[in-house]
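One chain comes next, on its own, written out as C-alpha cells in the form predicted on its own.
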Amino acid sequence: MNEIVLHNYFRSSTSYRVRIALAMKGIDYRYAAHHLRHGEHRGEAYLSVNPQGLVPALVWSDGTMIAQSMAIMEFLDETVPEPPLLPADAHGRARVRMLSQMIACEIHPVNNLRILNALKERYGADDAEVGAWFRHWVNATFEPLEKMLSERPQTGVFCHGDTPGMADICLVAQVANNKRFDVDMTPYPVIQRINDACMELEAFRKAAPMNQPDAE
C-alpha cells in the first residue's frame, strides 16, 4: 500500500476539519503543505493533484484523490468506521449533517480566503471592512446555531450527545478562524462550551493550526 497524503494549509479551516478527523481515527498520513497566501495551490504541481486548486485534498493509499472536506470526512467514516463521526440512527445523522452544513455551507463559502481577497481587489475593501464582512456572516449563522444547540435535548457535552463528531469538527475549525477576525463569542456560550470540551481532546489539539509543520 502507498502512503496516504493530505494536501493542506495549516490555517485553512477546511484542512483543519480533515486533520481532526484523521487524528480521531488514528490514521497516519504525509503532510503536504501548500501556502495559500503565496499562491502555491495554483501551481501546476498541485493542480495536477486537484484541478480545482483548493485545499484540502486527500490522496488515499490506492491513489484515489478526494477533495472537499465534507466528502473526505464521510469517506473516512465509511472506510475506517471507528470511532464514528456520524451517529448510528438516521435522525441523528441528519441532525449532525445539518449542524455541520450550517457552518460548512453557510459561513465558510462567503468567508473563504479567495472571497475575502476579492472584496479587497475588486471592491476596494480595507481590512476593517473585510473583518466586518467576516463577522457579519459568522453571526448570521452562529445566532441560530446557538439557539438550536441550547434548546435541543440531543445536545450533550458535544453538539450531538456526549461523543465528538462531524458537527464538532466543523464548529472547532470555525471558532479557530473566528479568533483571527475578533468575533465576539460572548453571545454564544453553548458553542464556546462545546469548543472548549473539544479542545480538551488530543485529536483536536494535535490538529490545531499552530501545531502544524507549516505554521507561521
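If you're wondering where the values come from, they're calculated on a predicted model, not measured in any experiment. The numbering used is simple: start at 1 and walk along the sequence shown.
Beyond what is shown, the protein has a form predicted in complex with another copy of the chain; the following relates to that form.
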Exercise for review: Using the partner position in the predicted complex, report whether residue 68 sits within 4.5 Å of another copy of the chain, counting heavy atoms only.
Suggested key: yes
Check your understanding: Wondering, does residue 148 line up within 4.5 Å of another copy of the chain in the predicted complex on heavy atoms?
Key -> yes
Review point. With a 4.5 Å heavy atom cut-off, would you call residue 188 a contact of another copy of the chain in the predicted complex?
Key: no
Practice item. Evaluate residue 144 for contact with another copy of the chain in the predicted complex, applying a 4.5 angstroms cut-off between non-hydrogen atoms, and reply yes or no. Key: yes
Practice item. Output the sequence-ordered list of residues from 54-86 with at least one heavy atom within 4.5 Å of another copy of the chain in the predicted complex. Key: 54, 60, 62, 64, 65, 66, 67, 68, 70, 71, 74, 75, 78, 79
